[in-house]
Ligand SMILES: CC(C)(COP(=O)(O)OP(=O)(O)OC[C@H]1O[C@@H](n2cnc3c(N)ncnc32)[C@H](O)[C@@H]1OP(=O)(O)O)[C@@H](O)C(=O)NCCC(=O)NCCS
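Shown here is one chain on its own, the form predicted on its own, set out as structure tokens.
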């Protein structure tokens, strides 16, 4: 567990020194509208709608964390959703507002989310990421995710072309 908290603490300290901060909290049903807006702002081939997020946020198997402004917790900078299945989980999406990308906040959000999942007894975490999404691949690899497979033509891009999905796994047990 300590291993998961170290990156969070280092980045949080750096943000506070720069007088720019954010914090992570559990998502609430009222966040669905902002989730949809942030997801639409992302580089996803298909954006999910508010109704989709309302469904996720009422699903007891979905864990959702948000990155928000500490002085205005209702203002979201990003979020992540994972679906639990026994002692395994899958990250469904992780999204960060364009305005705050490049600050290391996705690492803060993901580190917190990993700690949250570990506290719930998740031992193994999976995700899929579009091949070529270098920032996401770097983020996941920095947290210890390993490539375990590929799915050809899994994603359809906005231009109609197809992209390979890289399947990754992280073992959380033992931290």
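If you're wondering where the values come from, they're calculated on a predicted model, not measured in any experiment. Positions refer to the first chain, counted from 1.
Just so you know, the form predicted together with the named molecule exists too; it's not on screen, but the next bit is about it.
Exactly one of the stretches 52 to 60, 126 to 134, 24 to 32, 113 to 121 approaches the named molecule in the predicted complex with heavy atoms within 4.5 Å, and it is 126 to 134. The shortest heavy atom separation between residue 95 and the named molecule in the predicted complex is within 4.5 Å. Contact check for residue 84: every heavy atom lies farther than 4.5 Å from the named molecule in the predicted complex. Although the partner is absent here, residue 138 lies within 4.5 Å of the named molecule in the predicted complex, judged by heavy atoms. Although the partner is absent here, residue 144 sits far enough away that none of its heavy atoms falls within 4.5 Å of the named molecule in the predicted complex. Annotated contacts: 44, 103 and 106 all touch the named molecule in the predicted complex [non-hydrogen atom within 4.5 angstroms]. Contacts between 50 to 86 and the named molecule, taken as any heavy atom within 4.5 Å in the predicted complex, involve no residue at all.
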